[in-house]
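Single chain ahead, by itself, as structure tokens, in the form predicted alone.
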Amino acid sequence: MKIFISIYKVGCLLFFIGLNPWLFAQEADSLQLQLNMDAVYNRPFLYEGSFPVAVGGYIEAHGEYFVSDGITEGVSFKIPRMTLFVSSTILDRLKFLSEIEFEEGTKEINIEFAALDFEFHPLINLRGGIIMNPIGAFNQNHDGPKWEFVDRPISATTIIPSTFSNVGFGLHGKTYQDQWVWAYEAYVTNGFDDKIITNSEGRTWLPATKENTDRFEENFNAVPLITLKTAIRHRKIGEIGLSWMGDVYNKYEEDGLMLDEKRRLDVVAIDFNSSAIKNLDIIGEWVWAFIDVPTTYSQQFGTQQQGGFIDFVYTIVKSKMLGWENAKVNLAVRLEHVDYNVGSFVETGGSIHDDVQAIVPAISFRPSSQSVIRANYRYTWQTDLLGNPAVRTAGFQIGISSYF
């Protein structure tokens, strides 16, 4: 009964919120020059049919077997998420899109995106509602069927807490010139809170702020989170994007009483993707986080974090297979690195560690670009704060994902 009540509440909320002007009426040339910022509406269900309201989504499921330093919990199966999209053309140049995610069999139900877009000019569009902060590329372009890998990138989920959404408003737009397209996004939203340092992880941990669901009702300290992104793409070369988000994360004042100085959090990311080499896609992202941690906290709380990933995806076969006309077989590899505490110990000058590395070779079969069967081997080694011998984890994952 609680699940049905939650779904009903989500449905009522969706009735009042909405999104993007280019969902149904882009020029043919512009459809070929989409950027990561277009990911929220670059989904198959939006281009089929002529109904005023469209519904679609995607699903992911996988099984895995891992061994960590000789210890295993055996085989397990997961359905990490099922996501629903609802969109509507309310009026000409007034659009709506929402994304609702059901995690781990309705253990959590989250509205990740639900916003209205008012198009005044291709370069000036007003967006308001629950907005996916455009930091990096993965936070916006995160749909499971688009990737050859079962797990999401470590840096994009533990430094950038993807998927990260907040209530707010802003502007976005883009313009085309021959082979080039340039775009921008600028939003003011609710933001982080002090859980990034007052959490059970015992380290600076940006994902902890997602536990504060009150951020969809009010801002923690009245200082808005500002997120800015610019990106440029060449038809034959690829795309590069630069983004920043920052705000004051602590409760520094209450009822006119000063509790602490303002403590800032700033995150900078660069992302890129390219298909310039035939049959080879290269996708990457690197992020830096700078956190003003109080001196009363120990050195295990990092004031700077950094990390990223790079994917190489090579198509080895593209032909009719098993009755599917444009099926593909891809070989891929992902390289990952995350450092949760960049710096040195004050007492000794030695490097602080608390870092993770991973390599993930993969093979995938795609009956179409909208569906994938993928097999991964993930090898991870994680070093603690003091740099003791790394904990090594390795295992296999087999998963499926598809839009519907």
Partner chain sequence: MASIKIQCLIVASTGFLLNACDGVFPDAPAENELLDGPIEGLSFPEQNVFLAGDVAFNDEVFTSESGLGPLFVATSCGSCHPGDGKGHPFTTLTRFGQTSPNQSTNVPKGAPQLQNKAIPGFVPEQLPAGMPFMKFTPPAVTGLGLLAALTDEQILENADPSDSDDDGISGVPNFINPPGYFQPQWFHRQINGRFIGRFGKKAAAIDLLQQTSTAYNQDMGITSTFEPLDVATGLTIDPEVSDQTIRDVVFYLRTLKAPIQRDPEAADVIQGQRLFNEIKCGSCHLSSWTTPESDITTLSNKTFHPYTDLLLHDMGPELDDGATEGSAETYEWRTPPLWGLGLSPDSQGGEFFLMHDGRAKSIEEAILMHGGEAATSRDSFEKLSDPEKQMLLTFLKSL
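Positions refer to the first chain, counted from 1. Predicted, not measured: the structure shown is a model, and the values here were computed from it.
Just so it is clear, the following notes concern the form predicted together with its partner chain, a form of the same protein that is not shown.
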| item | value |
| --- | --- |
| Candidate site 97, 169 and 325: all three near its partner chain in the predicted bound form by heavy atom within 4.5 Å | no |
| Residue 316: touches its partner chain in the predicted bound form, heavy atom cutoff 4.5 angstroms | yes |
| Partner contact for residue 294 in the predicted bound form: its partner chain, 4.5 angstroms, heavy atom | yes |
| Non-hydrogen atom contact residue 359 with its partner chain in the predicted bound form at 4.5 angstroms | no |
| Non-hydrogen atom contact residue 156 with its partner chain in the predicted bound form at 4.5 angstroms | no |
| Contact segment among 200 to 208, 160 to 168, 282 to 290, 222 to 230, judged by heavy atoms lying within 4.5 Å of its partner chain in the predicted bound form | 200 to 208 |
| Among the candidates 106, 212, 304, 299, the residue which, in the predicted bound form, approaches its partner chain to within 4.5 Å (heavy atoms) | 299 |
| Members of 327 to 349 lying within 4.5 angstroms of its partner chain, judged by heavy atom, in the predicted bound form | 329, 331, 345, 347, 348 |
